[in-house]
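We give structure tokens for two forms of one protein chain below, kept apart as structure 1 and structure 2.
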Structure 1
């Protein structure tokens, strides 16, 4: 047993080394730099004061939080319907669905931003079509806004959420559905009373992943908006690649704030998830 354990630990050693080198050490470096003044190199908390007092960074936090939350909620709702459809009807259609899902899940970043510019930009195809057909929702759609960004973020949230939710549906037993039907419950009642509560821990975990994915997204937002819409990833990048000088301390403080937002959201979803799991255990 001791030899086997030693072999397992040895196999995990490369992963541990990579984790320490590329995650732990950079994280410690970011936290330390957030307390270093960009002016004189002294230890200070002024960087955090700037983050929470300057209107630009306040708007960046608000916009990032709003877009991440809304896109995650919309993405997971649509993904739930897609994963449920795959669960109920597999076969050849299911294989085609998975192929398309894997393909579109890799379509993000700058190509996605350009695609949305062509379709929904100020002179986009769909906008021009909406003007000709008198569809105000399309004709007046503003891609270059927080709502437009949310709409674009939803696109790359859906495939990721669907891929994460599909395995969770294997935990729904067909015997439960048959028992519910025998007791007079319809499909809607089954999913509302049994299916969704069972899947809720997986749904909440997926929501955490989607929130982190949207909060840290940079390429798509920068390609579309550049500095027109304050977002945390864009402001962090600006601190390190600015035209005047680098602001390592301020960029570190913004990075820590963004990480704390992720940690708080993960803590909230994990707390709710544990309550659902305890409820199932009691039942």
Structure 2
């Protein structure tokens, strides 16, 4: 019997070959190469020194963190309100809402950058409209800045976040609302004291998905900015692809920094989430 069972392990072999070759070894390789000097192949921590001391990479980390955090915060806020509206409304409009969310959930990258250029670029339709109608906020909108980028990132965060949050609202029972109402709580109080704390674990885990999604977004930023605004994913790709010699060490160090940012964010959201699940954060 024992022998017969182990034959079945053979069926696991393709899975192992694929993941070892294209996931595990490449990722370990990146971590190892981050400790190897690009000049002489010696073992060193100098790559990390470069990452944290060179202005370009400092800027890239700052911009990436700023754009990811802001767009995730805005995304989660809009998604929360959107999912709550869907929870209260449902019906025909709710169905349309769900369909559109699903439709645009793949709308990112190059097409998104293009649509925003047509809309809000230097000669964009909205910008020209703003000039004609004298709306300064539109006329002077600068898409090619970190604020403009944040605004564009919010677009692809909304469908993702809303679709992730909507199922969580099923956990809020209508009876709770009625009970709170009977005890004299308004709707606002109900959401503040009951709804949001109950949803907090879902909100936090969605936030960390959004953050990772924005941090790693490459195509949208690349199509719009090329290299005008330093961002981590673009700097990483630049170390490996392009005219210059491949800088495995430096690119590896940048990759490790980016992965660490994601891991730290997951750790933070998990920690806060656990406090909410235990009920410690609600007083």
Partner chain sequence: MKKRKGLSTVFIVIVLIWLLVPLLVSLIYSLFENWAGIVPKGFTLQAYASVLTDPQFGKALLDTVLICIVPILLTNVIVLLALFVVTAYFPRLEKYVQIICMVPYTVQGVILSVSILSLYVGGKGFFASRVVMLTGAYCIIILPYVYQGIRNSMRSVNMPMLLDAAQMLGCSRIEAFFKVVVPNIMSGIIVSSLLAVGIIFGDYVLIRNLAGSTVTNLQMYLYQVMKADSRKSSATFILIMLVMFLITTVVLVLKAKNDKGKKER
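All values derive from a computational prediction rather than experimental measurement. Residue numbers count along the first chain shown, from 1. Rigid core here is just the name for the largest C-alpha set that superposes within 1.5 Å across the two forms.
Of the two forms shown, structure 1 is the one predicted on its own. In this overlay on the rigid core, residue 12 has a C-alpha that sits 2 Å or more away from its partner position between structures 1 and 2. Annotation for residue 49: C-alpha shift under 2 angstroms between structures 1 and 2, rigid core superposed. Residue 21: CA moves 2 Å or more between structures 1 and 2 after rigid-core fitting.
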